[in-house]
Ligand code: NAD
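Next up: just one chain, as structure tokens, the form predicted on its own.
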């Protein structure tokens, strides 16, 4: 895609936005309904494309890339009027008589750049609040999931005029050409390295950005857990989509008193999920491409207690656990984004909290304990974008919760109303009547009464 093409796309969308069409609530609702109908009509094609791109099991593909999108659309359609209504807020006594409100207004033209690991959900889920808020949007899916990107383009084209919403498919050169344009908001999901490039490009136009990045999400396990339940929930979160999930448990911090039992339960859970040979399981995904296959494979070294097998031809890496990992291990140097779980032992919760707090703030943190005091300590002392207690990843699926990172794991929130607010200007409005005025606010100030002047001298 040439620079002139991206200029034409953005120009057409800016013209459509300035026409005022997207400010109409019913226009937004109809767009969301058309999107829902198009996704429903193509859900089978989406599942097949996700299988083609990265071997996703049908249930995982539907659950994480299709079902979540349909749920978000339904919520936005249901709540659209409530979200767009002015929000009355308190007016302080010194402004009375007056009323104060927050009035959401659309930003303009948004750019949404998605990743390859959930290639439909992570462009459609930001698109939904962008449209609900009254914006136009350009969607850039990942070229590393080409089959899904193609179906995504067809879904969008069937539901929208390109002056309203369009898909720009292609490699990094297309993304670079788009980033040269002036948008009113950029929403990027992906790596921190590319996130810096996006932010630098946005700064040239002072465009606000939302960065949904990743990081090494820790999973802390205390001795008082139900070991089998904890193991199943950890294994599910880690090996869902073959570990290619930004909120997957990245490494395991396990108390020495429960480590032996937990590792045995994790081994049992992997077998229960995927059988004796996970390579033959229809429920286990594959690595997205050979470059990532090689990257993940290099991290498997040391005391491998589960898995470790691989097959380059099918891009298969087994569900793997590495015990007795040190902070210097290769798997601790970067976000793993694959089915490899390093295990680090600790003696006290203080040690675990310190280990997490000394590192970059993660996108998610997982804690397994029955002790409410320990839970409160970890929630208070270990910062993260989101947290699950006694489970993994489920916070992402609750649209009543904001989803996003903190620090190096990103900034800005979305899902439900939080996404609507992200793509809106929350305009502050104060309204006053003419029937009363306060003379003290106006010069000349020397005409104030003696009592008022004495108060001012006392204050200043």
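Residue numbers count along the first chain shown, from 1. No experiment lies behind these values; they were computed from the predicted model shown.
In what follows, reference is made to the form predicted together with this ligand, a form of this protein that is not presented.
J.: Using a 4.5 Å heavy atom cut-off, state whether residue 284 contacts this ligand in the predicted bound form.
T.: Outside the cut-off, so no.
J.: How about residue 88 - does it come within 4.5 Å of this ligand in the predicted bound form, if we only consider non-hydrogen atoms?
T.: Judged by the heavy-atom cut-off of 4.5 Å, residue 88 is well away from this ligand in the predicted bound form.
J.: Under a 4.5 Å heavy atom criterion, is residue 185 part of the interface with this ligand in the predicted bound form?
T.: Looking in the predicted bound form, residue contacts with this ligand do not include residue 185, since no heavy atom lies within 4.5 Å.
J.: Is there a heavy atom of residue 254 no more than 4.5 Å from a heavy atom of this ligand in the predicted bound form?
T.: Although this ligand is absent here, residue 254 would stay clear of it in the predicted bound form, with no heavy atoms inside 4.5 Å.
J.: Check each of 213, 365, 225, 270 and return the one that places a heavy atom within 4.5 angstroms of this ligand in the predicted bound form.
T.: The option sitting close enough to the partner is 213.
J.: Would you mind picking the one in 171, 74, 277, 371 that has a heavy atom within 4.5 Å of this ligand in the predicted bound form?
T.: Going through each option in turn, the one that passes is 171.
J.: Counting heavy atoms only and using a 4.5 Å cut-off, do 114, 175 and 246 all touch this ligand in the predicted bound form?
T.: Yes: each residue has a heavy atom within 4.5 Å of the partner.
J.: Picking from 175-183, 381-389, 316-324, 102-110, which part of the chain touches this ligand in the predicted bound form when contact means heavy atoms within 4.5 Å?
T.: Looking at the other structure, the answer is 175-183.
J.: Need the contact residues for 332-370: heavy atom within 4.5 Å of this ligand in the predicted bound form, sequence order, or none if there are none.
T.: Heavy-atom contacts to this ligand in the predicted bound form: 335, 337, 363.
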